[in-house]
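In the block that follows, a single chain appears as structure tokens, in the form predicted on its own.
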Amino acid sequence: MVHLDGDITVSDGHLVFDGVDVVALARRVATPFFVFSPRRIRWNVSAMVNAFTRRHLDTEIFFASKACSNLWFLDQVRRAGINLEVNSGGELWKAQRAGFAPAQIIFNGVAKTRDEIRAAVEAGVRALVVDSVYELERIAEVAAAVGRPAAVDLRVDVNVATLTHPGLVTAHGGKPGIDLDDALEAFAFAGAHEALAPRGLHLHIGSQITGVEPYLAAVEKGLDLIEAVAAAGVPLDHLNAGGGFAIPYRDQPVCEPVDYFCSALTIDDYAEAICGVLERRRPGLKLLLEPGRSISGNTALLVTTIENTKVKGLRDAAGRRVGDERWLTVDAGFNTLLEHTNYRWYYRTVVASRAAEAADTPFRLAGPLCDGGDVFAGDDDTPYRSFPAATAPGDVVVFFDAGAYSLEMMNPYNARPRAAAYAAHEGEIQMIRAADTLDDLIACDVEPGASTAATRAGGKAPAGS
């Protein structure tokens, strides 16, 4: 039996998610699709808030909307009682559309345009997170032109190493943040400029961090910097420790140090580490956090259908066939679950239509795209997934923990419409994202006749056309 915290079970051989028979749903609506659990969202938010506020009362949580900015999901987060972090003007617009007040929004990002800065300043967001000295000067110029001081948090690379995927490192020489050597001068500039209102220090160090040691080191360095900044005449009222808390993508009793798909930590472990340093050194300092994956990751499944099967030979260096590989191809590839190829990510799978059968046969599992790289990583660092021996076309396969960075990263590669998404609760289903139509595939294309007309009009199509 498959069982995960009470909301994933098996009934009559089918996988059931929050009371919904996933296979029956896949027979009614087109696959691939995502299915989310609002109960799981509320649980994750509550666990996060309770873990940190029990240990450091003055803590505020800002969900990192880059993990999932679907309007229904944002509404669930807002109703659960937490705030939002955004990374673009588009995410800011969606946040406001979902009902978040400006004071509930932090605007992050490494390449904010003047228009984005202006929109954030005019809206009055809680803080603009500053990525560089150059951007600090740009924000000051825009805020002065708007006539409203910009509240800013300076993001500083405190040079702490993290054992995570190289593409998820955001400190220790990574892309984001002001160099630690330049931080004091940057805060002094912000404190002296009439168009800037420095509020805090931002420290986000990465994502899917499977140990607490990097947080201990980062918070210690951050507090040292806050003390130095205050001594220089710029007091700060909060520390933003970012997010990056890992979720377990693998089921393993023991995690290797470099296996960032395996995590034995709970949110309480992260809270104990971060809040422990704060309570010891600065108990009166406000703490802000920006978790994304740890709130949205395990809230959704991706549901796919097997469309094809084949057997291909395994050959030695001389070309002799020395064995066979059974292949299955499903209707969701890296156009639907981009991280599996972009980051070689791993997602657990179950044949939902054979959930009560022994998964004891190795298969290669691949998506439908023309690329040879559209192949899912196997179990236990092998090329193979273990499925029931009778698995065949028509069976339904489920990928777990697909709630983070999935709806956001879908794309219509190979002209495959992006997938729908549903919410499941106590046996009921609600659509929260419609699947793309064929017309959606060309909605932004300029057809030859229209392109010619725009060129004759001056080379630019009218705004809003």
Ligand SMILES: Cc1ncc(COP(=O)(O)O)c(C=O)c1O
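If you're wondering where the values come from, they're calculated on a predicted model, not measured in any experiment. Throughout, we count residues from 1 along the sequence that is shown.
Not pictured, yet referred to below: the form predicted together with the named molecule.
- No residue of the trio Asn83, Arg126 and His238 has any heavy atom within 4.5 Å of the named molecule in the model of the complex.
- Residue in contact with the named molecule in the model of the complex (any heavy atom within 4.5 Å), chosen from His204, Lys112, Arg199, Arg354: His204.
- This chain is drawn without the named molecule; in the model of the complex, the residue among Thr349, Thr329, Gln208, Asn298 with a heavy atom within 4.5 Å of it is Gln208.
- Screening 115 to 123, 286 to 294, 365 to 373, 230 to 238 for residues having heavy atoms within 4.5 Å of the named molecule in the model of the complex returns a single hit, 286 to 294.
- The named molecule is not shown here, but in the model of the complex it comes within 4.5 Å of a heavy atom of Gly243.
- Although the partner is absent here, Tyr405 lies within 4.5 Å of the named molecule in the model of the complex, judged by heavy atoms.
- Proximity of Asn108 to the named molecule in the model of the complex: non-hydrogen atoms within 4.5 Å are present.
- The named molecule is not shown here, and in the model of the complex it never comes within 4.5 Å of any heavy atom of Val397.
- Residues Ala64, Lys66, Glu85 are the members of 57 to 87 with a non-hydrogen atom no more than 4.5 angstroms from the named molecule in the model of the complex.
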